[in-house]
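Shown here is one chain on its own, the form predicted alone, set out as C-alpha cells.
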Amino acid sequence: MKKTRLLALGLSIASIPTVVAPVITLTSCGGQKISVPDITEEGTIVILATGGTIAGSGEEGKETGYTPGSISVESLIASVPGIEDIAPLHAQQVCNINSDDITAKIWVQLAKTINAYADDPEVAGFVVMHGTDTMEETAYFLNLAVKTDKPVVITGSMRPATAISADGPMNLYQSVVVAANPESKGKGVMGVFSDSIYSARSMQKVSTFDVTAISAGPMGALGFVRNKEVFFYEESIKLHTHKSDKFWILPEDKNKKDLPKVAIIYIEADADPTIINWAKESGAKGLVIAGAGAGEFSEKFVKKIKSVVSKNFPVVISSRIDNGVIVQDSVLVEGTVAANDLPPQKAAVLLRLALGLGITKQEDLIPIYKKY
C-alpha cells in the first residue's frame, strides 16, 4: 500500500498512532445496528465521521484528483495538534464515502446515533465530519430530526488531507471548540467552516474550490471562532432540534422504510413539462420546483402542475436563485406550497420528512414551511 503523507502537518499516516478506538464494526455504510457504549469521561465530544474531502487523499500537494473518504477518523483526529486538550473525544466511523453518495438511510442513522448518545450525561456535544457537496442537506435534516439541545456541529474541508495547506485540520479543531463550548447549547445544528459558525438552515455551499465555500448569504454567520474562543452574535428563530414538535426519529424506531422520494425539477428556458411525468413514474411522492426568478415557470408548466397537484401529490415552489423569499400569495398554481426562503435541496428535505409523517395537504404544509 502506498504511504500517503498529511502535508499540512508533515505526518505520515502510517506513523500516526490510533488515539480513538472505533465504537463498532460496520457491515455496510449506514446499515449497522446502533450500539452506543457508555461514555466514561465528563464533557466528551462525540465525533461521527462520514468521509468526504476532509478524509480524502491523493497526489501530494494537489487539490484535485483525490479520493474522498479514504482516511480513517482515528488518523484525522490524531493529525490535529492540541485537539485532545479541548475536551475528551470519542469517535465513530459511520461511513467513509464521497458526500454525493449520502442517502436518506444514512441521515436517519446519523440522527438515531446522535439521539442515542445524547441521552448519556457525560456527552457534551457532537461533531459530524462530512463532504461539502451535500453537507447543507445533511445539516438541515439533522436540524429537524435530532432531539437534543446539546451542540451538534457539522464540518468538512475543501482540500484533501494530502494537499498543501489542507483546511480540514483547522475546521475539525474549531468544530470541537464550538461543540465543547457551553454557549453553543440550544442553538440547533451548526456548520463550522473557516473561522465562521452558521446555522444549518442557512448554510450553503457557494464555491467549487474556495476554502470559504460554506456561507450563509444575507443571513450571515451566527458567530466566529478564534483560537479556543467562541463568539456568538446571532441565533436562528426557526424551530429546530429539541424545539421541533414534529420530526422524531428515535433510536428504538424499528421502521425500516426509507424516507419518501421527492424530485426536484429545474426550470430553464423552454423546459419540457413532461419531465413531471417521469418524476411521478420514478416513484416520487412529491415535487419541488426550482423555479426561475421568484419561483416562476412557463404556461406549459402551469397547466401540467395544475393537473398533478392533489392532496396525495404535493408540489413545493422554490427558486433556482440563491437568495430571496417565495411568498405564498404569489405562487402561480393554486394548491402549491411556497418554500419560503429554502433553496430547492432543503425544501426537498423538509418535504420528505413531512411526507414520512403522512403530511400531504397544502393547508398543513404551508405552516411547516413557515415554521421550519
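None of the values given here were measured: they were computed from a predicted structure. Numbering starts at 1 and follows the sequence shown.
Another form, the form predicted together with a small molecule, is not on view; read the next lines as being about it.
Among heavy atoms of K205, some come within 4.5 Å of the small molecule in the model of the complex. Residue contact with the small molecule in the model of the complex: S99 places a heavy atom within 4.5 Å of it. Interface residue remark: M158 is counted as part of the site for the small molecule in the model of the complex, having a heavy atom within 4.5 Å.
At least one heavy atom of T53 is located within 4.5 Å of the small molecule in the model of the complex. Taking a 4.5 Å heavy atom cutoff to the small molecule in the model of the complex, the contact residue among N115, T132, T162, S75 is T132.
With the partner omitted here, the stretch from 64 to 72, 312 to 320, 36 to 44, 333 to 341 that lies within 4.5 Å of the small molecule by heavy atoms in the model of the complex is 64 to 72.
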